[in-house]
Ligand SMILES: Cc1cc2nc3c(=O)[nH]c(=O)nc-3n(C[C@H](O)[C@H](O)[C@H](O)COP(=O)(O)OP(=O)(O)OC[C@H]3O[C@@H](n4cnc5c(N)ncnc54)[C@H](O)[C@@H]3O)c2cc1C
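Okay, so here's just one chain, in structure tokens, the form predicted on its own.
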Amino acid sequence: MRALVIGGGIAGLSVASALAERGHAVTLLEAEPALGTHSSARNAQIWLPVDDDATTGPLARRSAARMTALLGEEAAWLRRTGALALVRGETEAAAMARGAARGGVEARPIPMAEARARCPALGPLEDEALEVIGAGVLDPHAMLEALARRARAGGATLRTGARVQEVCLHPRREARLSGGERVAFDALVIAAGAWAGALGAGLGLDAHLVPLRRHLAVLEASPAEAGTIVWRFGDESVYWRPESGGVLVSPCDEVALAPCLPAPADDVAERLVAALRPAAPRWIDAPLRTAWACLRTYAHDRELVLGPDPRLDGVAWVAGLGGRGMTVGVAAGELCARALAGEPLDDESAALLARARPDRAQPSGLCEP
């Protein structure tokens, strides 16, 4: 099978490496001059698989196992520091504990006094605090490089600076590049992040994908005051962690944008102040060292878009990874490759693909987180 993978981030490299391992002729096309330029390289590098949903936990566990196998040891891609999670009420705390158990970590309630001892910057919140044992900081560069090496070792061709202008299915299956070159294929995998929806639309396939801009920044603040990874969930979400002698922080904002490499908004400082005022008020006057933005792409129901598309034979997706791409993307790509190659699937794998099937019914608009 000649497989064409469009997109060279964590999703594309994962499916390309898995298909190449299985002996398929793989070509990966990445529009940018380097692999992993967009969301795979512009995230907060946080490993926190605590979502109480059907797909995050199983895919996070599988991703961790595959990355450790590829690199020989877990420490080569993940530094388990632990984390603090803040939620509203016992119901949300119980949901986080369930999600954490599925994701291979443990979330246990602790007194807020203990949370403040670990993170002195915490404000006078009335949230429930949980210690997440097994959370940590991952290394996107190591992950992407390992996947690229495995793909090339299997014979895959990984091309950068190769922008796809159009995908045709008739009279031949081929992608036309911006310079006029044509690349033939038998099977196509759409793994293009924020650009995935437009590629699918060109084939008449709607996966209801929406790219959302999120800001991140590094403050000139004390890493000791941050203490560890801290993520406050709910209507006033914010997260932070120590980083390079300062504090990396995100206001967890979401604004729909067309696919692009987004610049920070003019009001990024105001967004940070609003998010930090209740959670870490001592940082609202901290100097802003640097700020950037990335696009996190979601389907309307906030679930993955994964696997072969029943509406069009030979077309598959690894898309809609949202803010959990580095957590679940490795296993998602491998699962897509297995399904596309027609391998028998275990019950868990079949259930994951059924939950994330590209042609599922979707809400008319983007759901709340």
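Numbering starts at 1 and follows the sequence shown. These numbers were taken from a predicted model, which means no experiment stands behind them.
We do not show the form predicted together with this ligand, though everything after this point is about it.
Engineer: Using a 4.5 Å heavy atom cut-off, indicate which stretch of 88-96, 149-157, 114-122, 192-200 touches this ligand in the model of the complex.
Structural biologist: In the other structure, the partner sits against 192-200.
Engineer: Thinking of Ser63, Gly333 and Ser349 as one candidate spot, does this ligand come within 4.5 Å of a heavy atom in every one of them in the model of the complex?
Structural biologist: Spot residues vs this ligand: no contact at all.
Engineer: Is there any non-hydrogen atom of Arg282 lying within 4.5 Å of this ligand in the model of the complex?
Structural biologist: Answer no; every heavy atom of Arg282 is more than 4.5 Å from this ligand in the model of the complex.
Engineer: Quick one: does Arg271 come within 4.5 Å of this ligand in the model of the complex, counting heavy atoms only?
Structural biologist: Output for Arg271 is no: heavy atoms all beyond 4.5 Å of this ligand.
Engineer: Just checking whether Glu32 would be counted as a contact of this ligand in the model of the complex - the rule being heavy atoms within 4.5 angstroms.
Structural biologist: Contact check for Glu32: yes, within 4.5 Å of this ligand in the model of the complex.
Engineer: Since only the chain is shown here, I'm wondering whether Arg214 would be in contact with this ligand in the model of the complex (any heavy atom pair within 4.5 Å).
Structural biologist: Output for Arg214 is yes: heavy atoms within 4.5 Å of this ligand.
Engineer: Though the partner is not shown here, which residues of 1-31 have a heavy atom within 4.5 Å of this ligand in the model of the complex?
Structural biologist: Counting only heavy atoms within 4.5 Å of this ligand in the model of the complex, the contacting residues of 1-31 are Ile6, Gly7, Gly8, Gly9, Ile10, Ala11, Gly12, Leu29, Glu30, Ala31.
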